[in-house]
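Encoded as structure tokens, the following chain is the form predicted on its own, with no partner shown.
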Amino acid sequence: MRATIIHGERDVRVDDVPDPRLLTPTDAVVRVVAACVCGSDLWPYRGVTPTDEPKAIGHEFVGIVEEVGDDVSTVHVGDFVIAPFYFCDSTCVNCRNGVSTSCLTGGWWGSTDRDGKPVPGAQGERVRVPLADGTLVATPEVPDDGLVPSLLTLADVMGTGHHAALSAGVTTGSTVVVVGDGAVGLCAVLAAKRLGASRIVAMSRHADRQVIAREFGATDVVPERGDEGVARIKEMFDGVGPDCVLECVGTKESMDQAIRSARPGGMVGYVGVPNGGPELPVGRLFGTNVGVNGGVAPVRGYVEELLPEVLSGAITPGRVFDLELPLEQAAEAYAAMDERRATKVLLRP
């Protein structure tokens, strides 16, 4: 089959790789209907995270189940399924505690399972899914193609934006600022709106993303960054700042802006993958009683909550996809996101 392999900095290719097959009784093999490029994929693409040898890449996909192992009971051949950006059993103590990203038997696409067996990346034609019962969520029926982009966001970015909002304690009437206008930041705007925030500020300098942010519920847009951005936010919220700040980038600068923007006693919910050297200024946090909560989003636990609203059209997070390409053009997909010609790219095998 064909799959996306990263060979090094700005060197992404679609290569021939072995077809996945069932290796354990708890496996499923899924034919990928749609995958995508994530902002976190850009860290190895840019060389920030080194690639020592060619490896599979991609961690978000939806598709049709083609085979299941003898011990799989909750998904069936022919089901349309959503796969979170990791695999998990959904039964261990960490999964039961709501942190399925720390599953004791789980792992990551494009790596190996706990038995050392290879697990394909998501940007390919098919994927072997370990722990299929715990990992995959089947939709009630095979959806119309128009729903596929929004369903795909439940594999990562919509659930991650939701995690940022929950981590910051967004609730009815909250005032919220979102730092970052990529797909996760935009979904964080949507999540804050869904949870009842009364005012939502999207910090964005890109006109096309500002449009989506407003569609998703942003009441205000602030293009300034750094000291100017913090000053503008303080000015908008009575000189003290908002209740909640959602950090959706993962750099030192974005975390600094988030912490300095929050009101005394406010909360920062952070989900940006920390490849840019973010730091926590404990003295400032202590002096202002600002809290910081978040981390890698356990999106598997959010799929059932968000799925009905995607299926009904109540929320349309698939709007974050502004470019669709065939899998064979994966290199162009990465370049488009790297060069900010696209917010998020959907790939069709």
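These figures come from a predicted structure and were not determined experimentally. Position 1 is the first residue in the sequence shown; the rest follow in order.
One more form of this protein should be noted, the form predicted together with another copy of the chain, which is absent from this view; the next part is about it.
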- Listed residue (G272, G134, G110, G182) with a non-hydrogen atom within 4.5 angstroms of another copy of the chain in the predicted bound form: G272
- Message: Give me the residue from G78, G196, G265, P140 that has a heavy atom within 4.5 Å of another copy of the chain in the predicted bound form.
- Response: G265
- Task: Although another copy of the chain is absent from this view, report whether N293 comes within 4.5 Å of it in the predicted bound form, heavy atoms only.
- Result: yes
- Can any non-hydrogen atom of V93 be found within 4.5 angstroms of another copy of the chain in the predicted bound form? yes
- Task: Consider S73 of the chain shown here, and say whether it contacts another copy of the chain in the predicted bound form, taking contact as heavy atoms within 4.5 Å.
- Result: no
- Query: Closest heavy atom of P281 to another copy of the chain in the predicted bound form, within 4.5 Å or not?
  - Reply: yes
- Pick from 26-34, 60-68, 316-324, 281-289: which stretch has non-hydrogen atoms within 4.5 Å of another copy of the chain in the predicted bound form? 281-289
- Query: Can you tell me which residues in 134-166 come within 4.5 angstroms of another copy of the chain in the predicted bound form, by heavy atoms?
  - Reply: H163
